[in-house]
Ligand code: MUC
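Quick heads-up: it's one chain on its own, the form predicted on its own, in structure tokens.
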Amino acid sequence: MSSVIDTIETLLVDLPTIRPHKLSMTTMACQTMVIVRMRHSDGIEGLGEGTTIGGLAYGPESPESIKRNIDTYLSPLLIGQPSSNLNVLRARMNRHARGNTIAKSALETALLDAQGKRLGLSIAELLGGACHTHLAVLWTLASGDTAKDIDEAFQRLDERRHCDFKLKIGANPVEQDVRHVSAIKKALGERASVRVDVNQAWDESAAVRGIQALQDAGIELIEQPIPAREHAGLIRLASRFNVPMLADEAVQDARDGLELAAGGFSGAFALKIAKSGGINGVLELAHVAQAAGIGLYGGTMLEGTIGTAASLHAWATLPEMAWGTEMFGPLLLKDDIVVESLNYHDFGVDLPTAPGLGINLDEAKLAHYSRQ
């Protein structure tokens, strides 16, 4: 007899960051994760994580709403259901609950983790196998201080931890942000690539001014310069400049990807399991991009180790990630809630190979950081 889902527990976990992390919409000194513990009738426990950025400053889901909506609406749809038929359970959640992609992603991760443990396979193996066992990882420079960011970049280079850097801009006037970014690129020279994430902070006219100056400074990629809903404007910007545009908030799922591709967008898509409702949804988006000749980038919501590992298993199955990944979330945290951390080295991170996620909780740390 196949196992069924017995219980689903959610925990709010607050972990401090190693430094303030400045974005266009907020500054973070702590990351809150929703940890899912899904227990099955065969004794297996699956782990998942739902994480967003800055509470409600970034999007419509907050850690508190993720936990409440899993507990109140999504868990009752799953408890008592067969554990192994992920497609049926995904359809069931989508039929009865709109949106809530981060919450659904956390639950899908827990289901895949449990199935991998049940079969003795990693999640990447469940998805057909890994094309890569070591994935490139960039580092985001987000202190907001030019000198500090330059020192931080050189430290990461000397440690062979990261050789690609992204700068969070958009909170300041365009000219001020351009000076900040240009100074960092000039200091790093050819030792490292530099990209920027505007986090939707500019209108199209400001974007034209800013992108031209950033292109002249040698910046390699411009992420989401204008609001997510302005697909036509993003397509115009991609056509106007040589520096590629990276669509992030503008491309949530395969439908968004198809609309941008059909409109003539060229550049890259930022993949995130959280915004696509889980690993299967994000791979559907990746396949649309591949068919349209659009580059791929493995994005993050600054997840901890559980969410980062889930993303790595997805990215590892793709033949090419032209723009690498941004899976540095655990490195931004002062502490962790897992027994063994991910292995970051040689400008990237190793894919966990143990069954499921390949991650085990540190129960004492989990209890210490869980919100009471």
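Everything numeric here is computed off the predicted structure, so don't read it as measured data. Residue indices: 1-based, along the sequence shown.
In what follows, reference is made to the form predicted in complex with the named molecule, a form of this protein that is not presented.
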Exactly one residue in Ile44, Val338, Ile53, Leu318 has a non-hydrogen atom within 4.5 Å of the named molecule in the predicted complex; which is it? Ile53
From the list Asp149, Asp248, Asp177, Glu108, which entry has a heavy atom within 4.5 Å of the named molecule in the predicted complex? Asp248
Any chance Arg37, Tyr73 and Lys104 all have a heavy atom within 4.5 Å of the named molecule in the predicted complex? no
Flag Glu326 as yes or no: does it have a non-hydrogen atom within 4.5 angstroms of any non-hydrogen atom of the named molecule in the predicted complex? yes
Answer for Leu23 alone: is it within 4.5 Å of the named molecule in the predicted complex, judged on heavy atom distances? yes
So, in the predicted complex, is Ser143 in contact with the named molecule at a 4.5 angstroms heavy atom limit? no
So, in the predicted complex, is Asn199 in contact with the named molecule at a 4.5 angstroms heavy atom limit? yes
Candidate stretches 86 to 94, 124 to 132, 155 to 163, 294 to 302 - the one whose heavy atoms come within 4.5 Å of the named molecule in the predicted complex: 294 to 302
Residues in 272 to 289 that come within 4.5 Å of the named molecule in the predicted complex by at least one heavy atom, in order, are Lys272
